[in-house]
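For reference, the chain that follows is the form predicted on its own, supplied as structure tokens.
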């Protein structure tokens, strides 16, 4: 039997270091005790003794939790459970120059899916001023060169995320800007859907949430179509 066939039938044995095991045990302990952000954790010596490991091993495991933003050290309180910065790690590595092509495509697809789901928040939180701001952005598009078009595209979609009022969505959109700009620069010709930004503004003014979902799909359809091609991004 060929090696590649055998690998399908047998799962490789995972090899854990002691720090891996301690990290897992600490995560389980935190969940089991229902710690909340701001709660104090036991001291290092107490944890090391309870786990039966050296303080060096414990510190390596704790350093991983710190890097993830799960624990932090405060004056006079020692270690406490932190409020994790969910997007912090992604912000540090989300750079088109250091991400492979397949991952870039995955992230871009995530952006498309997110924008397909904005309608509910947009229609419940939009204001007259928001609509005016979107109209002003959309009116600048005609005849714009490629560089300006990219900036305008980012401005329009960025405004949509802003209207949602969801801080995590807004922050995530800002993180995606380099990815979005990178993908657009790969186009030989401008990618434009049947529904323009001005059309989307009109739907926000007079249409329904379902109209907007349909309109957004038509607006993004060239991107969706391109993703089905074998060439990828």
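Just so it is clear, the structure is predicted and the values come from calculations on it, not from any experiment. Think of the rigid core as the biggest set of C-alphas that the two forms share within 1.5 Å after superposition. Positions refer to the first chain, counted from 1.
Beyond what is shown, the protein has a form predicted together with the DNA; the following relates to that form.
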Heavy atom of residue 118 within 4.5 Å of the DNA in the predicted bound form:
no
With the partner left out here, check for me: in the predicted bound form, does some heavy atom of residue 84 sit within 4.5 Å of the DNA?
no
Though only this chain appears here, would residue 216 touch the DNA in the predicted bound form if you measure heavy atom gaps against 4.5 Å?
no
With heavy atoms only and a cut-off of 4.5 Å, decide whether residue 57 touches the DNA in the predicted bound form.
yes
Have a look at 149, 125, 101, 74 for me and say which one sits with a heavy atom within 4.5 Å of the DNA in the predicted bound form.
74
Considering 38, 42, 165, 207, which brings a non-hydrogen atom within 4.5 Å of the DNA in the predicted bound form?
42
The DNA isn't shown here, but in the predicted bound form, which of 196-204, 168-176, 59-67, 26-34 has heavy atoms within 4.5 Å of it?
59-67
Look at the candidate spot formed by 17, 52 and 79 and say whether the DNA comes within 4.5 Å of a heavy atom in all three of them in the predicted bound form.
yes
Establish whether a shift of 2 Å or more occurs at the C-alpha of residue 63 between this form and the one not shown, with the two forms superposed on the rigid core.
yes
My question is whether residue 44 is one of the residues whose C-alpha shifts by 2 Å or more between this form and the one not shown, given a fit on the rigid core.
yes
On a rigid core superposition, would residue 53 pass a 2 Å threshold for CA movement between this form and the one not shown?
yes
